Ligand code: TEU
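Just the one chain here, the form predicted alone, laid out as structure tokens.
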């Protein structure tokens, strides 16, 4: 298997707005990232992923970009970014940026000029349509609820927005648009960034003629705008724009199945190093992101195993269960009550011992949980607010909507990082832009640094193991089958070294069945008194263990 620095490292995701406020305005900023950079380095991670820090009116918290070459005023200056980048590199880490080129902000100069006139030279930078039979151009729906079209009164035409109405989609059919994107990419690479996480990169190509979708669902039209006919060409263009640089590329590939993504990440002819897939984080959802259903553990295990088997030696996995678009993993796939700490450790063990690059969402390493705000006025996420308004307009009782929002809102992952038990969780001196989770007095970095058995200390040990044992990075994967439903057990093999992971993903006792081995050496366990003896290993609720055998 080809070796690469981005395979061997762990990624730490920084959502700057919620990370650390350094100037007392209630908003996290680049100064706060600098202030806590040693904390990130001490975790042992090798890569920092910054969510968008470009200039933006923040309709979608930075994913609506008004200037790709300027830093958001609330976050700081380009000089401060340059200082941060140098500080990251001086600590032996790398930094990747978010590349958001499916859409811009409606305040971007391109769109201002595009909407000014049908004759504008920028008109074709975006996707405009006069409508059909007095109505919308087609039946496509937005990811953020409602139609994917907005009427612009000035010219009497509609523009496409697959997300917020303030995020008009770029027209990738236009060669000038592609050239602009290439220039943006080169601008940041010349500054020294080490790669990109590419937002919804597989949505760039829309079906010719913009036909109606045939999948009448909560996201009607996705069969016409996801993984479209020219997507390989466009993704190849983005990759080629980075030629000459040793970079890491991560594609966010929503609405793409395993076989499609296997093509995107193929090391011989693919277009990205790895892809963020949505299969595992869709298994507890019904018709939409605000439709929680019970998790089928059998399907959960099989999903991870399928991706491991399919990409083993033929691609690379992106390993995650939470990020800025997903609720907190311990509340969703573990427990956020008495078993919060132990289940957080077990979920971490799962992600960090599979083949692929693990991604840590800020706060995940201390076991931060979902938050149940008391009312809709406390939420900030545009998708959440749009969903609430649409359901209320449809006649639904607001009291019945809130529990779904509590479980599913993206704001669950966006509450401020809990640094201490001080006011505002040590995030800053002023009231934060979004409320702090009330459990910050017990769940915080300061207390976990002082506790040798904390989730944070466990993450540090997990990350250190990755550096000590190449089998964790480059070993083959094989599932140990015929387990009880709550048990996920697998082996990783590299030459004569075998790494075994056993996990009980439930609140009940279970038994793992593993091969007999005499030379087992325990590397890590979620319970301090675990002993890997015999072939039938009893596991307590949320018990996880990793051991190694070397012949």
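Residue numbers count along the first chain shown, from 1. All figures in this text were calculated on a predicted structure; none of them were measured in a lab.
If you look for the form predicted together with this ligand, you will not find it shown, but the lines that follow are about it.
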Answer for residue 100 alone: is it within 4.5 Å of this ligand in the model of the complex, judged on heavy atom distances? yes
4.5 angstroms heavy atom contact with this ligand in the model of the complex for residue 165: no
Quick one: is residue 60 in contact with this ligand in the model of the complex, heavy atoms, 4.5 Å cut-off? yes
Heavy atom of residue 410 within 4.5 Å of this ligand in the model of the complex: yes
Give me the residue from 273, 74, 106, 252 that has a heavy atom within 4.5 Å of this ligand in the model of the complex. 252
Contact residue in the model of the complex, from 364, 145, 199, 194 (heavy atom within 4.5 Å of this ligand): 199
In the model of the complex, which of 480 to 488, 496 to 504, 60 to 68, 31 to 39 comes within 4.5 Å of this ligand (heavy atoms)? 60 to 68
Near this ligand in the model of the complex, with a heavy atom at 4.5 Å or closer, the residues from 259 to 298 are 278, 289
